[in-house]
Every structure is written in structure tokens, then in C-alpha cells.
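Shown below, as C-alpha cells, is a lone chain in the form predicted alone; questions about how it binds or moves come after it.
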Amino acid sequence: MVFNSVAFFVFIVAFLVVYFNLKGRMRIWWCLLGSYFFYGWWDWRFLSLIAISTMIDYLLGLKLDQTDDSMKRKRLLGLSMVMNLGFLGVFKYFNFFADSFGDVLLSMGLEPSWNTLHIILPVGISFYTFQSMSYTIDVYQRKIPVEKDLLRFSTFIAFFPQLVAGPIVRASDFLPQFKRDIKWDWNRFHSGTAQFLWGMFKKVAVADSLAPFVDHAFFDPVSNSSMHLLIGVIFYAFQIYCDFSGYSDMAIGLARIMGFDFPENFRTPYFSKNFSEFWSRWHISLSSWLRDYLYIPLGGNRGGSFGSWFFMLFFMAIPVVLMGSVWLGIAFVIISLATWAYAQRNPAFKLQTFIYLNLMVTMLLGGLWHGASWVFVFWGFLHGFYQVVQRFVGPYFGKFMRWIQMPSWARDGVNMAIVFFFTCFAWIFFRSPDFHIATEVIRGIASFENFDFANVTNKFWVARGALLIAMLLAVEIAHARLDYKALVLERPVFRIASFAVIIWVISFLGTFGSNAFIYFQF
């Protein structure tokens, strides 16, 4: 069941009518049953998976709260990590690692004979796994009290608005809200509906309208002109942004109507002036999760250990082998080990090296979280590389901008353009099914063959897409300058007019077909 379907609208109306006519624990029970029904709509068999995961982390949380023995607490935390990552590894990454190992053996002249399993990927498993893991880690670190109510904990894990595509909500933010006395609130309904409609516009009107052109560009890059491919890449940047942030807006809006407050997950990321800022604006709940539960434990800005170095070697040597040769992979390992040896003799170089390594490992795992493919890992590598280069070049580039006396608005514009350009370059790998398609797209754009608008096919799609992107940017700039939420709540005329306009635009320019959200596959 997807938000942009008739089935969902029937479900949400019936759900909310009953929800606001119940009180106390009966309302939470109804919320849990509705969440399980929503999730089971795709495949009821995976309800057992989320139920088992919930029960194990609930029991381990209770055990963590009952003991002060440090070794026992570490074992309980380790058991939770093994369970959660084990489920994720089997259902999402088993075939990926098996196939990759087989490809490496083939590149070495060996012929593996095993067959991989045909495992169905449960919808949203990455999201609710990370949400559950954060709870156990926070209980272990005594940052939050343990949740002793199984009903509240189960609803926290399975809450349907954000279950399958986020945002990833922390237990410290969400669990206390179940104890509030929630009543129908017209202000919440108005502001929540406004955010839901805006998310629907992003998804149905923008993302789904751009999708056909993007699919055509990436299906057979060789048959398309340079201009066609370039437009396809730019369109994909806005397609994935509107698809994913649209879902987040709808989830946050629905939760607000129901009486819950979720954190912001996107904040105009394409207006970022550097890559660190981009990741503070894009998928904020994931980037903050990776920062708090991976980057900082690895050492963050304080350094690191050989573990992060080994992880970096493993995740970069294999794709080097697959894209080039075994000897190229061996050379990569030798160079990396030589750098490690030099770092042991130079403390300042060692500190900076580990900071960069921690960044790279965090972004590599962030890429792998998105999908079981080396193109996702490479996408994560690119964003890690961008942040490392930014730390080297950024101060000198800023001095150069000031030296030529470029106005601040022009300097910001240049920085935004640079970030957007390299972000789009990384999106090529994210969208492509494999490295071959990605390199064909890059080669096609770089050739400048037939680089004019006359050679672009489906010009109507381009015109429609450009209009929708212009509308999106205009509204987002207006949102940045105006308090839209306050206008919706305080001025009924503005509220009615804005709702009517959004609904009309969705109806007139939207692409309907209940297309699934891109991030459902993650």
C-alpha cells in the first residue's frame, strides 16, 4: 500500500475515524493493528520478521536495564547487533556478497559452482532495523530509559507513516509521545494536511512526471544524445529528491495529524554550499544516525584504529578488482598499506588520515545501506571523497573567492553550482544498475555529440519537467523566506486557496499509477 493510491486513502480515512474515537491503550492497540495491516498489505509473511525483531530487542532492552555487569551488557548489545544485522544481511545482502565473491574468484581464473538464493527483500527493512538498533544502543549507553511496555515499543517500531521509508525516528523522541493525551486538533490537522499535500505534489506531480524521461535516458544511453543524457541526469536529481522527500513530508504530515511530532528529514539540500552542509540537509535522520552510531564510535575527529583502515581496504579493493584486474587490486592494497606505515611515523598525518578514513567508511556504509550493489558503495565513496577534498581545497578556494572580490551572493551561487554538479555526477552511479551503464552515460555526456536541444527526444516531457522543477524551486524559495506553516494556521483564506491550488496542480499535472517510492527498495 502506497500513499499515492486509492487503497491508502480508503485505509487512512477509516483508520483516523476509529483512531480519534478511541482513548488510552485502545488507541495504541488500534495504531499497532493499523500499522501491521499497512505493512502486511505488501506481503503478510514478513509480519513475522518485524514481530520477531521487535520482541528480541524489547527483551534485550529489559535485560540491559536489569544488569550493571559491563561484560554482560556488552554481550547483550552484541546479541542485538548480530540479530538485527543478521536479518539485514540475509534478506538484503546475502546474494550481493555471494555474487561478489564469485566474481572475484572468476577474475582469478577460478570457477565457483554454488547457486545463490532467491530471497525477497522485505519492504523498509533497513529503516526499521536502524530504528530498532538505535533504541538498543541508547539503552546500553543509558541515554534513554528502557521501555517496559511491549505495546508502546511494538508501535514505535511498526508505526506505519514512517515504517517503510523513514524518517528514522529515535526512541528518545518518539516513545515519550505515546504517553501524551492526544486529542483532535484542527491546527495539527491543517498543518499536517498542508505538509502531506506538499509531499504528494513532490511525488505525484514532480517525481512521477520526471520518471519516464529518466528511465528512457538510462535504459539505453548509447542511443541518446549528450543533451538528452544531461537532462536525464538533472531530472533524476530532482526525481529522487521529490520522491524521497515527498514521502518524508507525507509521513511527517500524517504523524502530525495523529498527534505525533517527527523531525525534519530534508531541508532544501540542493541549496547547499558545501558537501558537509548537503548531508546536514539530505536524509537528515540517516546522516545523523550514521554520525552518532558510526562516525563518532569509529573515532570521528579524534582519530581511529586499524579497523577502519581494514574496512576501507576491503570495500575498495573488491570493486577495483571487479572493474580492472587482480593486479590493480593488489596495487591498491600495497599503496594503502604503505600509507598506513608512513602514518605510524607521523602523528599529525596519522590523525588527519584517520579522520578522512572515518569519513570514508561512514559514507561507504551509507552507500551500502542504500542497496546491495557496488554502484551504491561507489556512490558512497564519491560523497566521502568529496568531503575529504573539501577539507583540503575549501579554505584555499574561499581565499581565492575573497581575493577576486566576488560578492557574497555570487560566491554562494558558485558554491551551490559546484555542489549540485558533483552531486549529479554521483547520482549517475546511484541510478545506474551497473558500472557499464554509468560509464556509458558519462561517456555520452562528455562526448558532446549532438549537444543541442533539437536532438532531444520527447520534448514535451522536458518542457513539462522544467515547468514542474521551476514551480518546486519557486515554492521552496518562498518557504525559506516565509513562515508557510504560520500562514496556513492563522489565515483561513490563504489556507483554502493554497490547498485548492496544490490539489488542482496535482490533479492537472500529476502522473497517476500508484508508482512505488524509490526508497521502498532500501
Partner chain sequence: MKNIYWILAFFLLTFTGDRIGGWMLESLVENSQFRYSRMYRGEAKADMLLVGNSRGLSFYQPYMEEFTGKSTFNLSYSAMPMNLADALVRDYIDQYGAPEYMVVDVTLCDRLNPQLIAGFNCYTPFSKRLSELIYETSPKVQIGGQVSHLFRNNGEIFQRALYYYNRLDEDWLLNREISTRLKSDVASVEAPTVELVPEMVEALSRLVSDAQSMGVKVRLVVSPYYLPFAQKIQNLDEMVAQVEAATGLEVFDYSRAMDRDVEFGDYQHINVKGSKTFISLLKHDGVLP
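Residue numbers count along the first chain shown, from 1. In this text the structure is predicted, and so the values were computed from the model without any measurement.
This next part talks about the form predicted in complex with the partner chain, which is not shown.
- Contact with the partner chain in the predicted bound form, defined as any heavy atom within 4.5 Å, is confined among 222-230, 149-157, 172-180, 390-398 to 222-230.
- A residue is said to contact a partner when one of its heavy atoms sits within 4.5 Å of a partner heavy atom; Trp504 meets this definition for the partner chain in the predicted bound form.
- Contact annotation for Gly444: at least one heavy atom lies within 4.5 Å of the partner chain in the predicted bound form.
- The partner chain is not drawn, but in the predicted bound form it has a heavy atom within 4.5 Å of Phe499.
- The partner chain in the predicted bound form comes within 4.5 Å of no heavy atom belonging to Arg188.
- Each of Glu449, Trp461 and Phe508 is positioned with at least one heavy atom within 4.5 Å of the partner chain in the predicted bound form.
- For the options Val493, Ala480, Met26, Ala474, the residue carrying a heavy atom within 4.5 angstroms of the partner chain in the predicted bound form is Val493.
- Only one of the listed residues (Glu440, Asp292, Asp412, Asp215) places a non-hydrogen atom within 4.5 angstroms of the partner chain in the predicted bound form, and that residue is Glu440.
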